[in-house]
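Single chain ahead, written as structure tokens, the form predicted on its own.
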Amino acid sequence: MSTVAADIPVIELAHPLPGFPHDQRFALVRLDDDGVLMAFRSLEREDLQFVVVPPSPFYPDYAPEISDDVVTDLEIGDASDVLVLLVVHAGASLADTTVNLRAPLVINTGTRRACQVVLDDPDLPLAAPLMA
């Protein structure tokens, strides 16, 4: 476990991220002063992290519908406890950088349980420009 993550609350995944079946514990680490750019870091492997951003600065109308199964899995009792983050795919430049609108990371900030949710809306792209 890194010393940076040791001071940050642990987020437990309700379901493993696709392709990472053994990583269950993560920490959300702020990467900039504004708190827009964050790392979702594995606490079990130092070489595993995902850059994530909140959708509102980039897609203010983004409002994913979360299924009842996810609400149950994450023990969500109040919508104000939900933090939605978009996984960033860094391109060669900012213009080439994309976010996944189809599969956001959903975190219950109260219970610190999370999962990546694959939304049913086929119009949501897997790779939308970060700077639309």
Partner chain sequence: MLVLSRRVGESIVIGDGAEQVTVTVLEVRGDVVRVGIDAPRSVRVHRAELLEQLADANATAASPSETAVASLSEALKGRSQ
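Numbering follows the first chain given and starts at 1. The model shown is predicted, which means the values in this text are computed figures rather than measured ones.
Beyond what is shown, the protein has a form predicted in complex with the partner chain; the following relates to that form.
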property	result
Contact test in the model of the complex: residue 81 vs the partner chain, heavy atoms, 4.5 Å	no
Touches the partner chain in the model of the complex: residue 62 (any heavy atom, 4.5 Å)	no
Contact test in the model of the complex: residue 108 vs the partner chain, heavy atoms, 4.5 Å	no
In the model of the complex, residue 113 touching the partner chain (heavy atom, 4.5 Å)	no
Answer option from 51, 66, 43, 29, heavy atom within 4.5 Å of the partner chain in the model of the complex	51
Stretch 97 to 112: residues contacting the partner chain in the model of the complex, 4.5 Å heavy atom cut-off	97, 100, 102, 103
